[in-house]
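Coming up is one lone chain in C-alpha cells, specifically the form predicted on its own.
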Amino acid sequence: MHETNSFVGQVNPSVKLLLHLVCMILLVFSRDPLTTLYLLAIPVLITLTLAKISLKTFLVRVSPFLLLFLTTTWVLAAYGKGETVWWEWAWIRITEEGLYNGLNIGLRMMAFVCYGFLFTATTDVTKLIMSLMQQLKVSPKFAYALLAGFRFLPLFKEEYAQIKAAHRVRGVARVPGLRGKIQGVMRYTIPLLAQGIRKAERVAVALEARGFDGTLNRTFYHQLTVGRRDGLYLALLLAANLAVLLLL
C-alpha cells in the first residue's frame, strides 16, 4: 500500500475505506450483468483518471483475477439452475438464467477486486492507521499492532533470504520435487517464527518505554482531517453508483 499524488490519493483513508465498502454493498443490489458491468466501470474509470494509475499497471495487478472470473462464470453457467437451455452435453447444461447469473456474480467479484486495488494503490498504510485511530476511534492497541504487522512483512522477506543463504553456505542439501519443497517449508518456518517473536517483543518494549498505554487519550504528531476533497469524492462515487442502479 502506498499513497499517490492524485485526487484519490489525497482522500482521507477512513472515508475512502468506508465509501468503498458502501459501494461494494450497493453492488449486491444489481440483478443483471449489464448493470453490474456499468457499476464495474466506475472504479475502473476512477483508477485510470482520478487516481492517475496507468492502464498497464492496472491490467498487471488485476489480470490474475480474470481466471477466477472465468471459472465462476463457467461453473454457474454450466451447472446452475435454469429453464431456457442453450447448449447441453453430458452433464454440462448451459442455460440462459445460469449464464446471466454467472456473469453477474463474476462481474460483481471483479468490481470488488477493482475497489480493493483502487484503495490499496492510493493509500499510505501509516496514514490509514492514523486515520483509523483519529476518525474511527480504533483502539491504539489494535491499530499499532496492525501497523507493526504491515511493517514486518518486508522484513520477513529479508529474513527468509538470509536463512536460505545461510543454509546454502552450510551445505544443506535440497531434495528435488514436492518432498523437498515441504521439507524447505518446515526448515524455514521455525526460524522465521522465532525472529518474528523476537521483533515483536522488541517493538512492545520500545512502545512501553515511550509511555504507550493503549488508551485513546493521546495526541498525534500527524493530524488527519476530513475536508472538501473527501466530501466531493463521496458525492461523486455515491451519485455514480446510485444513478446506475436507479436509471438502468
Partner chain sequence: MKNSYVVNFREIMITVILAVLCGFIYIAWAPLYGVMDGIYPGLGEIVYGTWFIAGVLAAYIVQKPGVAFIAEVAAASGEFIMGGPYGLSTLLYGVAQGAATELVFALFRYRNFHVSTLMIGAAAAALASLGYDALTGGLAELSTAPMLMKIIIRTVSGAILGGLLAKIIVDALAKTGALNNYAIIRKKMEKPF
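Note that the coordinates shown come from a computational prediction; the quantities given were computed from them, not determined experimentally. Numbering follows the first chain given and starts at 1. Each form is matched to the other, and the largest set of C-alpha atoms that superpose within 1.5 Å is called the rigid core.
In what follows, reference is made to the form predicted together with its partner chain, a form of this protein that is not presented.
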Problem - Residue contact check: Lys157 to its partner chain in the predicted complex, 4.5 Å heavy atom - result: yes
Handout entry: Partner contact for Val44 in the predicted complex: its partner chain, 4.5 angstroms, heavy atom
Key = no
Problem - 4.5 Å heavy atom contact, Gly196 to its partner chain in the predicted complex - result: yes
Exercise for the section: Give a yes/no on whether Ala239 approaches its partner chain to within 4.5 Å in the predicted complex, heavy atoms considered. Expected result: no
Exercise for the section: Indicate whether the candidate residues Leu34, Lys137 and Val226 are all in contact with its partner chain in the predicted complex, with contact defined as any heavy atom within 4.5 Å. Expected result: no
Exercise for the section: From the candidate stretches 47-55, 34-42, 197-205, 218-226, select the single one in contact with its partner chain in the predicted complex, where contact means a heavy atom within 4.5 Å. Expected result: 197-205
Exercise for the section: Sort through Leu178, Val172, Leu153, Ala161 and report the residue having a heavy atom within 4.5 Å of its partner chain in the predicted complex. Expected result: Leu153
Fill in the blank from the handout: Restricting to 23-38, the residues within 4.5 Å of its partner chain in the predicted complex through any heavy atom are Met24, Val28, Arg31
Problem - Large Cα shift (2 Å or above) at Ile163 between the shown form and the other one, core-fitted - result: yes
Practice task
With both forms fitted on the core, give yes or no for whether the Cα of Leu45 moves by 2 angstroms or more between the shown form and the other one.
Solution key: no
